[in-house]
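Given next, in structure tokens, is a single chain: the form predicted on its own.
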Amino acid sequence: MPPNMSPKKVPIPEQKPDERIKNFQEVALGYTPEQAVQESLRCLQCKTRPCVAGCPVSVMIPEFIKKVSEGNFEEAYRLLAKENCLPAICGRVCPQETQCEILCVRGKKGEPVAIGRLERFVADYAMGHMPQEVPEIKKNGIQVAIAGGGPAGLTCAGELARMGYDVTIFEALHALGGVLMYGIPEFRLPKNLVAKEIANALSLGVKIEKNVIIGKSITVDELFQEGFQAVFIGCGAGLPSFLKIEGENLNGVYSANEFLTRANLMKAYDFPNVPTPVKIGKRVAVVGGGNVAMDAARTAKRLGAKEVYIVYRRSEAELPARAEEVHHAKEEGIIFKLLRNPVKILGKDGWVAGLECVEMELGEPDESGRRRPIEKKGSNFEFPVETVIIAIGGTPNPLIRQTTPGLEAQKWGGIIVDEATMKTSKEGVYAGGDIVTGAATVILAMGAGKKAAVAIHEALQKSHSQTTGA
């Protein structure tokens, strides 16, 4: 077929805003086979493959897209799955616009190839049409422990299991997936799809121990005593940060972590079929401007809030959320109160009754490169809300570093690693994902898990050779 030289991506079908705010079904509906082929024909098949350099897990992007253009979706999936064990998830939630797509040559004179949408299409096609293909694996009898069943831990576990290791994941919650299950809303990432993709990733014989808190149920040192020869820590950064302002202890104040966990793992999205585990008022203020803030605001809207506000201390140009998420939030009627900063949560009879803010203006750039917000003196104002959700990030739970002698960490709590190997200061211990970087992306966490798996394999094979004299 001739190349598609349109400067625009093939549009992806979506639910209409006035319909989707009444349900938790996916907003983006995915490409049809015909649309996927047309989009794949926009790829120039560059010999230099610049897009691959932007992928943290080094997916063979031009190769799998070429197979899509030929209508060979099964082979496209095989090429994709060689490097990415969670492609249906990544196709939905990865920020391709700042990673692979930003480097696409087509983006110089138009829009880049829709790599993420094609990844989603191929993965969804495989899930619906292809039997699961489990490779033959020769076990080596070496045990490796994974702390945390999120994207980093799942990737590290899958890679090591493929190499023949006996891998056990220790997960603190009752469901694997980490942020994939408790953090990202159903309308962006359906939980049945997450469960299927996790099952595929773990079909290589990985053992699962749920409801186990590393550092409390069992320590890292005790894992070594039980026979594990390496430990990968991928427990994320789920300890929420707060504003430290008056009123944060009122009823009706949530961290975004708690709010989204109640909506996802406790299935508030299935109300009224299940008793709702989350209470919100008619007016909700979400403090923050990242993807988590957008997720919380859009979830609150679907749970029945009449007015939902995003309160952010910088301007729209500095919003850290993906442009697509901001666009969808605006379409759904989320109200943006920008250049505003909360200074007090107002209460009545122990419950949230309003929010007091000050107006801000932008000064010179700070260490993050964004213009520093400066308070306008005397600009205080109040507005009524019954629920406040704090979405300003999180830090790692200190439990692991407090119970693991010799494990060095940053002042803010992130574990220090060698970036080439993800090795920590403690022998045999590796770490990756948000517990190292702070809150980041799913694909970056997966890239860290993959890198750690390679380093663990090399270290254990070297140790085994020295021990056996082989």
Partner chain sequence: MYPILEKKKLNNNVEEMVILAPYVARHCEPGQFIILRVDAEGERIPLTIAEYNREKGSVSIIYQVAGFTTRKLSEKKVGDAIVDFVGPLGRPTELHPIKRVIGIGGGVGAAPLYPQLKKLSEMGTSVDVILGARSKDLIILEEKFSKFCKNVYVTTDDGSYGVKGLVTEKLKALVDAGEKYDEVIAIGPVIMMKFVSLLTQPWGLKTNVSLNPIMVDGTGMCGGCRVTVGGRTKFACVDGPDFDGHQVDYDELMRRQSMYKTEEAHSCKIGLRVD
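Numbering follows the first chain given and starts at 1. Please read these numbers as outputs of a predicted model, since none were measured by experiment.
Another form exists, predicted in complex with the partner chain; not displayed. Remarks below refer to it.
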Can you check 376 to 384, 326 to 334, 204 to 212, 306 to 314 and let me know which stretch has heavy atoms within 4.5 Å of the partner chain in the model of the complex?
204 to 212
Position in contact with the partner chain when the complex is considered in the model of the complex, options L173, I392, C357, A126, heavy atoms within 4.5 Å
L173
Single option in P185, P95, P112, G238 placed near the partner chain in the model of the complex, where near means a heavy atom within 4.5 Å:
G238
Mind checking whether each of Y254, F271 and V278 has a heavy atom within 4.5 Å of the partner chain in the model of the complex?
yes
Is N397 part of the interface with the partner chain in the model of the complex - any heavy atom within 4.5 Å?
yes
Using the partner position in the model of the complex, report whether P135 sits within 4.5 Å of the partner chain, counting heavy atoms only.
no
Check whether E226 has any heavy atom within 4.5 Å of a heavy atom of the partner chain in the model of the complex, and answer yes or no.
yes
Can you check whether R283 is within 4.5 Å of the partner chain in the model of the complex, heavy atom basis?
no
Residues in 249 to 269 close to the partner chain in the model of the complex, defined by a heavy atom within 4.5 Å, in order
N249, L250, N251, G252, V253, Y254, S255, N257, E258, T261, R262, M266, K267
Flagged pair T276/I213: C-alpha distance shifts by 3 angstroms or more in the model of the complex. Which direction, closer or farther?
closer
